[in-house]
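Below are two forms of the same protein chain, given as structure tokens: structure 1, then structure 2.
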Structure 1
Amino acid sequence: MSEAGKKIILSGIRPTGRLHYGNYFGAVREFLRLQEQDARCYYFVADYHALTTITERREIYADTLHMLRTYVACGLDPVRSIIYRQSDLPCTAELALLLGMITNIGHLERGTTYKDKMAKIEADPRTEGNPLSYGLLGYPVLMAADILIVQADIVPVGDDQRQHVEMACDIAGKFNARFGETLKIPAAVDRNALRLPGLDGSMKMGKSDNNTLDLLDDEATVLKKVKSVPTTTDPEPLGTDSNDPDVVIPKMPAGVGVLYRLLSLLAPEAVYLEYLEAYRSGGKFYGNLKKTVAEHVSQFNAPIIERFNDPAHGDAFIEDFLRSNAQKVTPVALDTVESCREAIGIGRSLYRA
């Protein structure tokens, strides 16, 4: 299929710096799968979006470079996949402005991110962090611009972002109804993502909770983290007892469930089933379980760390492909913005003509 006839797939990446196993199995693994399809994959680093929670200067650019070096080390190819920074496409902000002119405030106030923040502040007005801002309220409009500007056909998302894609479709539909068919309305599809529990047994692995296994952790760090996983908490249901190696048996303590989930993802099935039977039989085996999990985590990390440290894939390499890919996506983005300007009636830009 020619480049012109390929489906366009879009997804965003927040510049988080160090990537952990939750990031890998929640997003990176899916990006690698999509990269193998006969489609054009756009992945943008959402550095503008990162500003909605900022309270002081943060090294967002440094985090971006570090994160993208890790993505490349995991196998994401900046030639087969077009990876670019949101802020290197300034016409995205222009499209967000145009879309904001037709977006109802009440529509934005129904956004779950905004509502969650509002609820926290109402519960405790002294809540730390960025106060309610225009940026947070208008987050769905900027995300709509991200999606619509590259004329995406498919937007793979996790459950937490599905509403934002639906809002983008609503905004595009309203624009087309008022000004004529201008914007392509994409399809939201569920990303085949796995949510990993944190090492502390909490529901989600997250950097802010300091409960992660990182993709660049060395052997000593991995062993220390895995050994710290609690195994004596009260049992909690974590799924159903099935032959699916991604699902641990029910009534397993949360910390133990993390270990079994990691084992199911990284170890041969026979090893996983052996330890599953040990759990069902009872007995003292957690020391060996943790050691085995740590070994398989370190084996998984080793090639990623090696590629990350390859001088050929340093910061200069990342900056070069970001610059090159921004040039690739800019013509598509400008065409979308200019079409919207013309549809609204302000006309095409004279300085870009």
Structure 2
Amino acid sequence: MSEAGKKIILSGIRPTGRLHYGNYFGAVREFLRLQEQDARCYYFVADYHALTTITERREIYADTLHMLRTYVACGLDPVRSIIYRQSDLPCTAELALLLGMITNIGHLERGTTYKDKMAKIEADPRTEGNPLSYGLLGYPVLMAADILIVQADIVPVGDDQRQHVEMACDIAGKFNARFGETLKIPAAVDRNALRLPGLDGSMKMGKSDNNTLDLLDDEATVLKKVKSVPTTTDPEPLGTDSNDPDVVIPKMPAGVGVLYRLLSLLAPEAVYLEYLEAYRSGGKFYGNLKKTVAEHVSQFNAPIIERFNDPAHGDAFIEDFLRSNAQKVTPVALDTVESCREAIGIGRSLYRA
């Protein structure tokens, strides 16, 4: 444990270029909450993971800087939290290699990222990407290495990543069973991560589905996007807001559900309840609802956009803290890798001094 008794938190996000509301309410909001607690927080940009589907050069470095600027604009603090880039910790790859030796292929074939991609290819054989790469199949092994290398206690992730964290726990358990207690097994992920539906009324907001509301969207863009939310499709049960069991979202057309979900996250409760009442009594008010939602979204975005554009938090600032944070996390990570080498029997590295 780093500083006596402090819980170790770790999470990562792939650099997809833009941070959207699904990322924010599914993960980043929790990062901010944990940062306020007396814990050791490691947050990183998973740039190696971004390569699992690569087919041609992509500006991943530029995306990484952009994403980190957005993180910082949202309130992540590179002093209180150790924010780094996965590829600045290359010993993660060494640990992934070691963990790969004890991971069954059958286990990996049940991984959600791999299975989803397979399903997409089956539906459309021209699906872009190099879906069957060794790297993609090994996605959960690399993720296990990310988690285990800092001896994380807690791994806050969105719902879609929960299975991967469970796989990391399994891999660590197997390693310890074979080679002796070496790796800390993190706690199971709690099941309450919020999954934000897409603006098109689909189950999930996701960049590849083109249905996102972004944290850097300006007022005009927000209004346009919110206005385009469909309100007429058949009701799909959205269920209750799992983050707040008191907020019950009745069965609504999916698009309407998204608007209410946003309202419940951003507007004062009284405003939310007023609209809920309007829904129950069946009035015609979607025009106003959309206007209100758009206003609250824009209000939420305004300070983030302002901080994002603050030259003091530009690329040079980001690169500076990436450098110093990589130096902070490296000794912690090397310690783990060296213990694993020793546990397995190849012995400590002879060149790392």
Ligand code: TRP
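Note that the structure is a prediction, hence the values are computed from the model and not measured. In this text, rigid core is short for the largest set of C-alphas that superpose within 1.5 Å between two forms. The first residue in the sequence of structure 1 is number 1, and each one after it adds one.
- Taken from the structure described as the form predicted in complex with tryptophan (TRP) is structure 2, whereas structure 1 is drawn from elsewhere.
- Shown in the overlay between the two structures, fitted on the rigid core, is a CA shift at L199 smaller than 2 Å.
- Relative to the superposed rigid core, A278 undergoes a CA displacement smaller than 2 Å between the two structures.
- Superposed on the core, the two forms differ at R110: its CA moves 2 Å or more between the two structures.
- On rigid-core superposition between the two structures, the C-alpha of R162 is found to move 3.0 angstrom.
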